[in-house]
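There is one chain below, alone, in structure tokens, taken in the form predicted on its own.
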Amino acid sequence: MRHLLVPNKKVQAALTEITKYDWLSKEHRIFSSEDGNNRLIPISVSANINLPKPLCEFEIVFSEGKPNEIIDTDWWNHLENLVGKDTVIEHKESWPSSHEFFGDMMIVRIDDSIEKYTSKIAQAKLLSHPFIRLVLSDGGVMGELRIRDLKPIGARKDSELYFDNIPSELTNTKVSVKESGRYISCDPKVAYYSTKLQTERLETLRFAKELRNELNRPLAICDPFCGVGPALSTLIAEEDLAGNILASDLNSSAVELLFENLKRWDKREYPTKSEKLQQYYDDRIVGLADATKLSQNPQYSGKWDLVLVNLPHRTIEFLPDLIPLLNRSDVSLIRGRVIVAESDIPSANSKINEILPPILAGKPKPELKIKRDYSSTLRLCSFEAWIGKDTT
């Protein structure tokens, strides 16, 4: 996550400014740099990409966040009060060690072995996070669209907590999430995206800016698995970075939310309901589409400088169908994510390099970088591939 690298003597002044904007991460703590001369201050996902003065004088560094022990202790203390110390110790490895925030909601995964304590877990989470309205259990993904099986297990209304027969008005899962200074309408129950991958999206922004400098013009960007548009939000926010955009998805609920988001970001009108892929403005092609068939249409084939591949379970499988979308008349870039067993990373790297066109001279071969654990055996990885100009 993002941290401000602040000299020890300026920490208090920096904190005063950060607190003014409510940009200090509530889930992570400040810690010392390795040399002891600075502090790393964790910045929340709501903070703008470009920080205002005087914060912009400090370097932004990316580092694994250190959990706020006070909040963590609260959760364990509440759980222990609810189920007893012996029960906490008995199931120590099974309790949900992490959670994910979506606005005023929290999503947790609950192991089958502790399912009978679901209401107690929800209660402990609500007690330790007073700004949370709704706690949802994550039962995994379902179907081709990989929609999350999310079930309400606890809710708050004013001072009342609910665990059974939760009022329907408290179970609404559509929220607005603030990330990098922009609001993203989302509903994790019908169109999930990971709020924990903000650093990935900022890294994509960094690569996109590098490509823009290489081409010396705004980029034509294709996001064929765009969901509600979190990656596009960051790219559109950067001045003179995004030119033409193709944004598509197979999930009609995601496209509906995408239209809502584009209306906010572009300040132009879009449909209120999901529609098939079509051109709405000179620089916007948006809608429902099968990403694997886009390159069959000459209107879309060979037109894009940057192609985003955010379908990590099938990225390698779909790469051959997506490569023809690239504009090979100049340098282009593919940025993708892959879920793979750690032991299979070398073979996955080989497969990716077999599929891709020649890499731009001077750039390294694409290589999967582990970003986080997906499960006990699988890792979520990312890669970038700088594709050279086709000279044939």
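Nothing here was measured: the structure is a model prediction, and the numbers come from that model. Numbering starts at 1 and runs along the sequence shown.
Although it is not shown, the form predicted in complex with a small molecule is what the next lines describe.
- When the small molecule is considered in the model of the complex, only one residue from 76, 318, 265, 163 comes within 4.5 Å through any heavy atom, namely 318.
- With the partner omitted here, the residue from 226, 219, 134, 124 that has a non-hydrogen atom within 4.5 angstroms of the small molecule in the model of the complex is 226.
- Checking 235-243, 250-258, 126-134, 151-159 against the small molecule in the model of the complex, the stretch whose residues place heavy atoms within 4.5 Å of it is 250-258.
- The shortest heavy atom separation between residue 289 and the small molecule in the model of the complex is within 4.5 Å.
- The small molecule is not shown here, but in the model of the complex it comes within 4.5 Å of a heavy atom of residue 192.
- Contact annotation: residue 277 falls outside 4.5 Å of the small molecule in the model of the complex, judged by heavy atom distances.
- Contact check for residue 182: no non-hydrogen atom falls within 4.5 Å of the small molecule in the model of the complex.
- Within 4.5 Å of the small molecule in the model of the complex, a heavy atom is found for every one of 201, 230 and 312.
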